[in-house]
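The form predicted alone is given below as one chain in structure tokens.
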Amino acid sequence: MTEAKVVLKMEKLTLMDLPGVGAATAEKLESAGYHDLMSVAVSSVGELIEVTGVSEAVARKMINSARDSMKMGFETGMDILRRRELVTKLSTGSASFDTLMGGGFESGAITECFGEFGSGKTQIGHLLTVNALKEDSTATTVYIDTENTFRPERIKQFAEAAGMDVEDVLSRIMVARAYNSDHQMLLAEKIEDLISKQGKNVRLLVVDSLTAHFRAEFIGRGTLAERQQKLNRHMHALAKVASAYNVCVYVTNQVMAKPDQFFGDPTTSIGGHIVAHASTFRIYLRKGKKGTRVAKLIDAPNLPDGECCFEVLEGGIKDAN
């Protein structure tokens, strides 16, 4: 086992090993989605009190004990660099797009693509799904579909173009249709069960689209604060899956036009600063000339802003001439 893998390896402790956690409390934690020490370590005191009914002192001891076992204190830059060795990159098939993204879509991070309808957001989601399965024969991908946009026929086209067995590819894609925002959030939380309980090697999580239900259910300025708080919890759940299990999370986002902007492109993404801050990479997609698409990288922690032009074809994505 490499030193990088040792850094990520967690101690094999269970919820019952935490102070103040008996069989009844452990059962309450499990039913609420707390399946391991990491989930307790990153939770708040108030959340544990609400779920288990324990006192504040006991909840604090549970969290501190979980954090101590996870070694969640300070670490050196070298430790982080070694852990970064486990990061993988998913290729799009377009050399210029991959270069823009520093080699491809990064695991352990959330990448948001926003743009108007027909800009290629869903196409990229389908293509990344096939490419993730192509690079790892044991991999599984998860697709949370909120707008009824997942098409197995499109997966078949990409798989055939890549020389892959279509039935094998489709059998390794876990698709769930989310019918409202609560259902969408629940599905995101259940991904940990797929990994920890069912042993699925999840390489990619696609949420298409992230904000459709939130936008439809929360109407008017009076509901804005509630919507943003709920969306914030959802983004943190996705970030937790990405970080804890080294999963590449790809989310698509809708856009709107700023009515008060008279110069430049008035297009802006839904979700405001909540989604913007929670996303590691942000890409603005727009339609180009003669059927091409333009991808503009507008936010990344380690990459310069830039853009590339590509075409979406039956067999995949390629650089535009």
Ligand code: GTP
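Quick caveat: nothing in here was measured; it's all calculated off a predicted structure. Position 1 is the first residue in the sequence shown; the rest follow in order.
Beyond what is shown, the protein has a form predicted in complex with this ligand; the following relates to that form.
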Legend entry - Interface residue in the predicted complex among 140, 157, 246, 181, criterion: non-hydrogen atom within 4.5 angstroms of this ligand: 157
Inset, instruction - Could you tell me which one of 129, 211, 94, 119 places a heavy atom within 4.5 Å of this ligand in the predicted complex? - result: 119
Inset, instruction - Considering this ligand in the predicted complex, find the one stretch among 120-128, 100-108, 184-192, 79-87 with heavy atoms no farther than 4.5 Å from it. - result: 120-128
Inset, instruction - Spell out, yes or no, whether the shortest heavy atom distance between residue 13 and this ligand in the predicted complex is within 4.5 Å. - result: no
Legend entry - residue 217 within 4.5 Å of this ligand in the predicted complex, heavy atoms: no
Legend entry - Contact of residue 147 with this ligand in the predicted complex (heavy atom, 4.5 Å): yes
Legend entry - Contact test in the predicted complex: residue 312 vs this ligand, heavy atoms, 4.5 Å: yes
Legend entry - Contact set, 189-213 vs this ligand in the predicted complex - heavy atom within 4.5 angstroms: none
